[in-house]
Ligand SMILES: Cc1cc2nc3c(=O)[nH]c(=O)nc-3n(C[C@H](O)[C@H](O)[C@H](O)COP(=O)(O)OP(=O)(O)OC[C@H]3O[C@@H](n4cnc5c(N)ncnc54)[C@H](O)[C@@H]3O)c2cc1C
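The data below hold one chain only, encoded as structure tokens and taken in the form predicted alone.
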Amino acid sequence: MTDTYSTTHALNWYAEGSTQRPFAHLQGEIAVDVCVVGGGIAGCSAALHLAERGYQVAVLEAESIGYGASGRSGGQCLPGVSCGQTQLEKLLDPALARAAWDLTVEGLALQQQLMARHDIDCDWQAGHLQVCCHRRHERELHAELEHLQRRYDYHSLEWIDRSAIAEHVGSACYVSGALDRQAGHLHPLKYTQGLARAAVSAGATVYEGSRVLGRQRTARGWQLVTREGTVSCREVVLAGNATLGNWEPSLQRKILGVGTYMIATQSLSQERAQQLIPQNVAVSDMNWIIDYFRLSADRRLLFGGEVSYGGLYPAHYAGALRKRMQRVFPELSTTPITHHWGGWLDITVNRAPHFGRLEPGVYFVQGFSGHGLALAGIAGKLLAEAVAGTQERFDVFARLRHADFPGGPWLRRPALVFAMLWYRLRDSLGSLTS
């Protein structure tokens, strides 16, 4: 597997249930105001919001809409960013950290608005529970809850203590947690495809199977080249993330693709599903390499948790995920696994999102680091605002500074693998050191 590798596994449960009609691939020459590269949530949201402003927009997707992380994620919609708000406060001044938090909360509200306005049926369910595995987690999570309430006026979080945790998740692994009823979960591929259809209804044109091979400056602005066509445009939005390829090396140095994986059980009985997650919320733990899971609309347990940092596609990941699932829910030890899938997710060194401009007229968003379902949607809206000349909200995130991954093209993966060994050890020893 190379850094340009991208896959949606053949047994991806999300893709199996999709009824999206394919879009044509680009052939010949077209001219638009803005070309969006990448057909994930950020790209489709940008296209939708730009088209609603009256811009002529073309979306170029190398594979199919939602093919990357947007369409195969855990489906958990959360406020905040992957590095956490406390870490973000070390990267931005207090006013900008507050503005960034408020934008992520707005992203959750925007998600609801887009689903309602464009009739996107994506199995939305309210509620996300972050769970603690031991006392150290409890201390950290309780402090975070109080910090968000006190400093950010975020009062959607409810502390779930040891006496009540079984009412929310039927596992002996967890001792407490924090329930966010404003967050929730959905079918990510249906949501992404719904955004693409909404963008087309607003006037955008979407092309699948149209990988961008490069761009060059022209008298009009820019020209983007695919295998069978070209797009001339005044401005460019890059939202390809880990699957963008190596033709923008300055962006690729800031992110690294890591493999993430999921499994799905067969449909469970209503009684069994109710025992596992009584209130049908999404669940994730606080380990560095987290377990995350939720119920699907047809009562499958969708479970994620394995991560590959080495750039290889491990053949054993489905079995490893089953073991992790059985540790959480031993009663599923004989339940068949019907689907398993995986692919790249892009991370930054500091796990904060990476937004900005490569040069005048070329905008980018990337580095959501596994926390992009809500954030990518608002990122698309911010991109549209920036293209239209209102830069302030986009620049809240563009002010974040990002380092290259150390080690260059050959050593950055081995360096990351070595670092992750420490975090795996820290997870495994957590209950002993709490």
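Start at 1 with the first residue shown and count on from there. Remember, predicted model here, so these are calculated numbers, not experimental data.
The discussion below concerns the form predicted together with this ligand, not included here.
Novice: Only one of 378, 373, 387, 35 has a non-hydrogen atom within 4.5 angstroms of this ligand in the model of the complex; which is it?
Specialist: Residue within 4.5 Å of the partner: 373.
Novice: Going by heavy atom distances of 4.5 angstroms or less, which of 265, 193, 76, 130 would be at the interface with this ligand in the model of the complex?
Specialist: None of the other options qualify; the answer is 76.
Novice: Can you say which of 391-399, 61-69, 48-56, 25-33 gets within 4.5 Å of this ligand in the model of the complex, counting heavy atoms only?
Specialist: Answer to the contact question: 61-69.
Novice: Since the partner isn't included here, can you check whether this ligand sits close to all of 39, 210 and 247 in the model of the complex (heavy atom within 4.5 Å for each)?
Specialist: So, yes: the whole triplet contacts this ligand.
Novice: Taking 4.5 angstroms as the cut-off for heavy atoms, does residue 199 touch this ligand in the model of the complex?
Specialist: Contact check for residue 199: no, nothing within 4.5 Å of this ligand in the model of the complex.
Novice: Determine whether any heavy atom of residue 295 comes within 4.5 Å of a heavy atom of this ligand in the model of the complex, and answer yes or no.
Specialist: Because no heavy atom of residue 295 falls inside 4.5 Å of this ligand in the model of the complex, the answer is no.
Novice: Counting only non-hydrogen atoms and a 4.5 angstroms cut-off, does residue 343 reach this ligand in the model of the complex?
Specialist: Although this ligand is absent here, residue 343 would touch it in the model of the complex, with heavy atoms inside 4.5 Å.
Novice: Determine whether any heavy atom of residue 260 comes within 4.5 Å of a heavy atom of this ligand in the model of the complex, and answer yes or no.
Specialist: Answer yes; at least one heavy atom of residue 260 falls within 4.5 Å of this ligand in the model of the complex.
Novice: Which of the residues spanning 212-251 lie within 4.5 Å of this ligand in the model of the complex, based on heavy atoms?
Specialist: 212, 239, 240, 241, 243, 244, 247 sit within 4.5 Å of the partner.
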